[in-house]
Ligand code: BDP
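The chain below stands alone and is given in structure tokens; this is the form predicted alone.
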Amino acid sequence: MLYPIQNNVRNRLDLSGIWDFKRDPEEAGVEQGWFNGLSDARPIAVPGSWNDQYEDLYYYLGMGWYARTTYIPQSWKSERVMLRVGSANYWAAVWVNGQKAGEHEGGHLPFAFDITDLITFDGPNIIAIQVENHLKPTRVPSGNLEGVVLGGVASYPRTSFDFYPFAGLQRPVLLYSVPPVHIEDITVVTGREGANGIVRVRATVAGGTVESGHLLLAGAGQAVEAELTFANGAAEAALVVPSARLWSGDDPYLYELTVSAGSDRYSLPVGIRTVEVKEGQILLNDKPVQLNGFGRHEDFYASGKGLNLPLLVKDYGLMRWIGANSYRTAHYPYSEEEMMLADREGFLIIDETPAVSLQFDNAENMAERLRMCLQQTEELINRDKNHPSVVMWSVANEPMLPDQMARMSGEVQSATPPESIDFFRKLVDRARQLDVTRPITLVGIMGGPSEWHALTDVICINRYWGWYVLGGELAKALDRLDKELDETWKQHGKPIIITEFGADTLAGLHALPGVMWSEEYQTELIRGYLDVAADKAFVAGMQIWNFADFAAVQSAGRVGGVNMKGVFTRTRTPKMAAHMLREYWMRPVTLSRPAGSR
């Protein structure tokens, strides 16, 4: 999962650009040899979702083929050559010069194959990648579920989740080389002892044996070194950094760690910081911190969910302008490039797996979803474990029981199925096995079982009092929120983050008094939620849904196929609520009250 880098011993070649593309609705491409190149192909941009690049592809979620030719430098001949795909949603197979290199299931996470024995250095190489995004009941997230309609209203495409199921090669495709014996993985864990920083490093090698290695941590005008001794392909060492400059949202300082082993060398940024949950608060470097910001989406015109670097820079600037310091990667892992920018800019991230809107319908489907959820949790943590910006793992968003709509409205309070508790216990336990340094959460839906939250370190809840329930009745909605927060704190005694709240808003629609869908109503609702939470020190964050309007499936509640809960439009024009938030969040705040005080 190490991100490919270019240095004096490693090489990287970005294959982003215009590829050939062809639909394969009959899935006959393998039989017809499309891995040798595509006839009658059309150009398509990589990275980018295919749906928004051509009108006839917007609803197409079946098999598609990408292909291009490339030369591989002669200077790589003595190296191992790898091909890495940043994200292919949902299933992909990679072919090199007519031979299958491997396949991967699950979108939004990278995968790589060693293609050394499949390439030629004497001519062009044909790279072909199959991708399909069928909406299946057993997939994570699921689609085309029998008897399940989004929000109780029929939608198209038939997803169980409220965002568009964009398909394709949505992040860069990279060729890279490593020495035959190379550094395979690095795990960095930071801590503190007084004013000193502690950086613990574990490195593993592959392709052969290495007896010794070296660590160098440079930054803040000093350099700290240590030797590595490998046994069974792994080595560990700790670095003590005198008077360490700590990473935080206000000062996101990054040291540079270089790991050397044999002829290989790999460098990565390191932010020295600690995160813990204590007495109803989230502590960053032993100081209480509020995670104020947004739920977001990777979403824009033409690029869909494809990596869009100018948009990423723009969005970070807008979040800083508004006074936000955090966001959740709702509802899937975001690009590695985004995680790197968050490290640099000092945003605090709740990093979420693709387990959105999990359904508990039958044992067979649940077993298959658990398999994928465990795989996705492992891949996510292995990918993002070294990012200081990542302060929490979320193993799921809004899992739903069969009677969820009735539970949300308060019509029923049925017993929580024990198999669902066991499902999330396995996910939380797996996340804790992989990373003992960060809190674990699960984002609950309105009416969701409290037993699920008992498994986690932080209570994250999505609440839509005043929109889906008690719509238009803001006074009643805010009173219900006030009571529920107190009840939740009393029951669990854990910090609470409201990870979603908001109202769909048609930009330019104004009303006096504010009515639903008007900019005034959105502004009043968001301000009301913030005011209720401000009186409760156990509320450790407020993340509005959403940062910007985004593409959704078609339904009676989605004007133009767009979820309009953004405080910015999809083109990043601020609504009234954005200006209110800037004024609200830019005020000085004090976080020294004991949790639970009023």
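Small disclaimer: the values here were computed from a predicted structure and weren't measured. Position 1 is the first residue in the sequence shown; the rest follow in order.
Omitted here: the form predicted in complex with the named molecule. The next part is about that form.
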item: Heavy atom of residue 397 within 4.5 Å of the named molecule in the predicted complex; value: yes
item: Residue 369: touches the named molecule in the predicted complex, heavy atom cutoff 4.5 angstroms; value: no
item: Partner proximity in the predicted complex: residue 91 to the named molecule, non-hydrogen atom cutoff 4.5 Å; value: no
item: In the predicted complex, residue 139 touching the named molecule (heavy atom, 4.5 Å); value: no
item: Option touching the named molecule, based on a heavy atom within 4.5 Å in the predicted complex, out of 273, 387, 182, 331; value: 331
item: Position in contact with the named molecule when the complex is considered in the predicted complex, options 558, 536, 68, 570, heavy atoms within 4.5 Å; value: 558
item: Region of this chain that lies against the named molecule in the predicted complex, out of 221 to 229, 459 to 467, 73 to 81, 114 to 122 [heavy atom, 4.5 Å]; value: 459 to 467
item: Sequence-ordered residues of 521 to 550 touching the named molecule in the predicted complex, heavy atom within 4.5 Å; value: 545, 550
